[in-house]
Ligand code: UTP
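The chain below stands alone, shown as structure tokens; this is the form predicted alone.
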Amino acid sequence: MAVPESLRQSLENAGQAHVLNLVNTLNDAKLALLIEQLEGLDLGAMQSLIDTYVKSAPQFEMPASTEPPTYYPADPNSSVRSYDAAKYISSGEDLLRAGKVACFTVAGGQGSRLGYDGPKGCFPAGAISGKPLFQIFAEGIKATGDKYGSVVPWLVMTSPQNHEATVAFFKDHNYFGLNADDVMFFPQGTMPSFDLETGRILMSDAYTLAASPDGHGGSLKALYTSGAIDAMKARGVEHISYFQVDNPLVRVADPLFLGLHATADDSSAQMSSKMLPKAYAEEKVGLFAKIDGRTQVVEYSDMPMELQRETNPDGSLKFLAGNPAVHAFSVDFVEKVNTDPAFSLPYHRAVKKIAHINTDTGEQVTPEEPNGVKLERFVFDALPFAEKSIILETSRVQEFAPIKNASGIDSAESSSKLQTERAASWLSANGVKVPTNSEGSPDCVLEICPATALDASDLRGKDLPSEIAPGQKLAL
């Protein structure tokens, strides 16, 4: 087996011929793997990519036109902006009844930061039950379909690293009660890592590029190239509810959000977002902003702190809207982003220590200082391509309890407390007496699984206890 001459020439033209230095040491199977990786690269655009993102670092300049975005408050009767929530809930429910909504989970991560060996979606997240994240989402999706008498397809984007383990996990658990035909898995793409000084592609070994997942922004490309978009169009799906795998409290298909996204006068029904109010000015979270009339997310490190500290007359932050990575987008919009040359998501660079081989000798190199650049795309960078985009406020207690760290903030422990808080608020709204401690927090541990209720109203008429005992652990 030999490397195609056209590929050799393309690598030469791109300044990347070194990746073939050790091909004479490879058997046919390994050489085939290398060729497959190389043929998946856009070598024609490689030099421009390296010049822009590797050999230089793009600087974000805050336009003078930047202003806070408008949003729909969580309270529809808010003085900030009132609206007819019932109308939009009804619109969202109509979409769900008609089978026009699919769920999409970005699940490419491993649980290594949690001290867990396996895909992050397999991590036990239920406050009492210890149900894995995937099961919590599956129950929410099944309950949504049952509630509206329809099928809600589920798209799960894995990574090359965890794809097989994820699919096996679902099979081992019989898809958590879902029909296997309604769950579609596909891995996200990868991007090669580059040497910081030379821009040359780094190699993990003689036949493997040192590559990493291309970021959650790669999800839009993966949806298209995997055939998921065509599959959704064939099913009549028009809108996709997007969320990340680490948040067990997320509303997998929120009728209010979907209704606003699809039918509000100030929405293009292309891409929409939920927002969380910043807890304090210095909180490290991406911020929604309006730039030249289009909604964008500005990374906290790119927005001047004096701007982040600006307040309204009532003392609230002007730039209040933090990004919890909950979106909705239309199937047509995803297709357009992938087929219209005018749309291209930018890359973001991260300078890292990247182990690799010396492609002249084959010797392993373990750097002591950052030596390479990883590139990834962010899904929120698609927002400026939407003609109009709405934002809906949500809250941490109701919909944001991420599990990212082994301890402290955004850990399983902090998520359990938020799960309990939400369950307590739902039970209290239905007349159940919930004990509190001296700080006003629930003096118990509670978990309401999605199969029982998708929101507080779903508990009406159910057989609930009249009160919860102090220190009690209760899963409903």
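One-based numbering along the sequence shown. Please read these numbers as outputs of a predicted model, since none were measured by experiment.
FYI, the form predicted together with the ligand isn't displayed, but the following is about it.
Contact check for Asp254: no non-hydrogen atom falls within 4.5 Å of the ligand in the predicted bound form. Residue contact check for Met157: one or more of its heavy atoms lie within 4.5 Å of the ligand in the predicted bound form. Among heavy atoms of Gly322, none comes within 4.5 Å of the ligand in the predicted bound form. Within 4.5 Å of some heavy atom of the ligand in the predicted bound form lies at least one heavy atom of Ala107.
Between 209 to 217, 143 to 151, 358 to 366, 302 to 310, the stretch whose residues reach within 4.5 angstroms of the ligand in the predicted bound form through a non-hydrogen atom is 209 to 217.
Gln244 is the sole member of Gln135, Thr166, Ser273, Gln244 with a non-hydrogen atom lying within 4.5 angstroms of the ligand in the predicted bound form.
Among the residues Glu376, Asp381, Glu238, Glu399, the one placing a heavy atom within 4.5 Å of the ligand in the predicted bound form is Glu376. Applying a 4.5 Å heavy atom cutoff to the ligand in the predicted bound form picks out Lys404 as the lone residue from 391 to 405.
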